[in-house]
Ligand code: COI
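The form predicted alone is given below as one chain in structure tokens.
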Amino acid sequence: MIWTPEIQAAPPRTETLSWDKIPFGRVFSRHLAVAQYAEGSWQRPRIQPMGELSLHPGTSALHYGQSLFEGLKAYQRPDGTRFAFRAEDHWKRLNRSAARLAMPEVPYDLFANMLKALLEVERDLFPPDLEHAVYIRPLYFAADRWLGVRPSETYTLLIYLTPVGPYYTGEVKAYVENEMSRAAPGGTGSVKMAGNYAAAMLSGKKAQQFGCQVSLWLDALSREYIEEFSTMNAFIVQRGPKLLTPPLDRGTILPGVTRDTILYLASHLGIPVEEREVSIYEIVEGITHGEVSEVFGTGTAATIMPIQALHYDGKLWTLPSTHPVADELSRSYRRLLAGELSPSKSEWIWLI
């Protein structure tokens, strides 16, 4: 199958992008990449003008949750080089999510051709520096018009873009959620399905009541061991410094591509890392006695986000105002994007 998309051009962009004021996820590309799965195979994709979707009220994804997404970024270096970061790894994670939801695999050539064609027609969306990015959102959902609880026989894959700056601005505090659970062993915590985020929103509202911007989830069995933030993987910095992060083996944590990048960068910088269970008691006692100096989250949207305080058990546990390890990792991450890190991990740079 030849996956070269048919292209229907949209009118040129009329407004000028103001990169210093651009809100996250509010400005969209002029085009949308679309592919349909029907009768057991993927159809030829197309690039079309961005617009509203027409969905039947009986569309399966709306009722039974066969819906997942990805998030990755594309950048432009000062020399004009344009690239998407770790595109193939995001495609692999999309298919791991699809397999868990009994959805057909998306061929790599289909995904790559849709993404490359979309980024080519949206060349004016690329930012002037590496502090900003083109956020790429693949969305994949069941499209059957039938009220039957079974895997759909038809599917839609969309890819669209939004120019972005920082996901969070200002200080970020985390509410430690010790009543509700995000995921349990054997569940869907390790896949990027839409329902995982819906289930986290009530905790997000609770967090806001305590002046927090994110929740930090504990394990569903003991509600003692940290798992991840509502939008990011979690890292703890102990005296040394040494990095701690929860392991992925229970299947309750999303295997973040940024998380994996940070593990590589920490190794490159000589920072020891332990992937192990981390108790919330170990963290708050460590903050009290100076053994825990930093907590930060990592994700495609947020990249690396220091946490200023944890709200747990009715008390605010404040962390130091400086975060040298997170800052050093952030600098190293930017050097990786700029092509200045050695070894360069060139296989992560997907040139456009």
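Not measured: the values here are computed from a predicted model. Numbering starts at 1 and runs along the sequence shown.
Just so it is clear, the following notes concern the form predicted together with ligand COI, a form of the same protein that is not shown.
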Within 4.5 Å, heavy atoms only, which of F83, Y167, F126, Y264 is in contact with ligand COI in the model of the complex?
Y167
Note which of V284, A301, A309, L62 lies within 4.5 Å of ligand COI in the model of the complex, where distance is taken over heavy atoms; exactly one does.
A301
Location of ligand COI contact in the model of the complex, chosen stretch of 63-71, 284-292, 45-53, 316-324 [non-hydrogen atom, 4.5 Å]
63-71
Y160: heavy atom within 4.5 Å of ligand COI in the model of the complex?
no
Look up in the model of the complex whether Y135 has a non-hydrogen atom within 4.5 angstroms of ligand COI, and give yes or no.
yes
W146, heavy atom within 4.5 angstroms of ligand COI in the model of the complex
no
Would R259 show up as a contact with ligand COI in the model of the complex if we use heavy atoms at 4.5 Å?
no
Scan 224-256 and write down, in order along the chain, each residue with a heavy atom lying within 4.5 Å of ligand COI in the model of the complex.
T231
